Ligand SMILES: Nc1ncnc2c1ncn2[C@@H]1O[C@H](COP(=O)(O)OP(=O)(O)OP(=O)(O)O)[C@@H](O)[C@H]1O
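So this first bit is one chain, no partners, the form predicted on its own, shown in structure tokens.
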Amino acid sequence: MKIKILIIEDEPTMRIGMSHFLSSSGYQVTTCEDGAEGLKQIDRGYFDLVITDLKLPKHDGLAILGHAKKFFPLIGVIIITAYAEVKTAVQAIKDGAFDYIAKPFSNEELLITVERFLKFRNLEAELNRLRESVSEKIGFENLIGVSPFMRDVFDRIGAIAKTDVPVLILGESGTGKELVANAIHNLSLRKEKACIKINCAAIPENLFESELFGHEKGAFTGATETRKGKFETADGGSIFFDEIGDMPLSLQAKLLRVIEDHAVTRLGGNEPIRINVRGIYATSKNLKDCIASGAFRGDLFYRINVVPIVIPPLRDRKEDIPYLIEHFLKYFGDKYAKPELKITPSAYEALMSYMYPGNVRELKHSIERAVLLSRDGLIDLKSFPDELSVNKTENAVSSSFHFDDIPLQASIMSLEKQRITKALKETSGKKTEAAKKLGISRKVLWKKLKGYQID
């Protein structure tokens, strides 16, 4: 289905020119020449986007904006404005307009603005879809992402959660393996029962067997009473072995026996105790390498690796970073009573470009630190660890640059100017190469250089 655009412009040449260009670009365009007709068109049929001049006969652009947003909240509005009306256009953005475009503008500039809105709308739709999915399936908890990688993870969780097959979760440290385990349990038929968690790297080897299987009174020195193990406690629910690759080799054969027999025998006891437990396992190690080195049993690996779920590192799914930033910013803002926090463009750019060897956990802790160190509702580069701001001298923006103090368009212009300057430096001032690097035409680059007064 074609994207439907309404153009409201009283100047015939401009109205016809925009209509012809956008129609030839594949959009379904409707035009009208005054505000009154524009309001009627909006009420008459659904439009994805309204492009309206600010100054119009019979209702101006602000009236169009207010009406459109009141009755059709998802509709996009782009304001056409003369240079002297920029201040009013900025107010329009605060009132809900997506952007403004100043006269005179080229067809290419118009198309870029339209495409930017559509990309923004698609991202917003993805975020809403994810939020709805999470609210419908509360088991997804803090698993956040819109990337193809994370969609695959969500799909696999949904496909196997209600079964009892063992699951092996693979991923680097900090990617969220425990969150996946939580989601599997909370979406399963066992969700009313316990999900017992064991960190195989944290339990001393001499206590491991007692922790897993329990013990009878007098089984060893200090065993003054009978105690249930983790398997018995998890009966009817799930048991999550984190870092299964670190389980002592001597315990691996006993774990395999429990998995196959569905029964445990306490230390010092003789009677097997039947259990009904779903096993979920996770590791940051390459278990096949561990098998080759003799540190992990091959038969146990093939028993637990029925359904593998691979969580990619954060550096491979950077499109998820904005949503994670939004989530952690709200979470820690609420936790530390610092609502409405804003991130400076340079700090945001640093967060987006960093490679995150510690994955989501590192991003989470970086945001928490930044929230704690923030002042006056602003998070800047100084709030983050040094490794996130290696290029801060190159990317720095004045710490007085508050999102609250500037309109959306101004922040976009600031980042755009930074990108253009950086591209020119990287191409030694060769404008054709810089334009190619930026994904714009040389003509558009020349116009932006003039507008930003870049030599």
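Note that the structure is predicted; figures quoted are calculated from it, not measured. Just count from 1 along the sequence shown to find any residue number.
Although not depicted, the form predicted in complex with the ligand is the subject of the following passage.
K.L.:
What is the one choice in 288, 228, 361, 103 with a heavy atom within 4.5 Å of the ligand in the predicted bound form?
P.N.:
Exactly one residue meets the criterion: 361.
K.L.:
So which of 246, 172, 99, 368 reaches within 4.5 angstroms of the ligand in the predicted bound form, heavy atom to heavy atom?
P.N.:
In short, 172.
K.L.:
Taking the ligand as it sits in the predicted bound form, is residue 196 in contact with it (heavy atom to heavy atom, 4.5 Å or less)?
P.N.:
The answer is no: residue 196 has no heavy atom within 4.5 Å of the ligand.
K.L.:
Though only this chain appears here, would residue 177 touch the ligand in the predicted bound form if you measure heavy atom gaps against 4.5 Å?
P.N.:
Yes, residue 177 sits close enough to the ligand in the predicted bound form that at least one of its heavy atoms falls within 4.5 Å.
K.L.:
My question is simply whether residue 384 lines the interface with the ligand in the predicted bound form - judged by any non-hydrogen atom within 4.5 Å.
P.N.:
No.
K.L.:
Applying a 4.5 Å heavy atom distance criterion, does residue 328 contact the ligand in the predicted bound form?
P.N.:
Although the ligand is absent here, residue 328 would touch it in the predicted bound form, with heavy atoms inside 4.5 Å.
K.L.:
Heavy atoms within 4.5 Å of the ligand in the predicted bound form: which stretch in 371 to 379, 343 to 351, 177 to 185, 250 to 258 meets that?
P.N.:
Answer to the contact question: 177 to 185.
K.L.:
Using the arrangement in the predicted bound form, list in sequence order the residues of 291 to 326 with any heavy atom within 4.5 angstroms of the ligand.
P.N.:
Only 324 sits within 4.5 Å of the partner.
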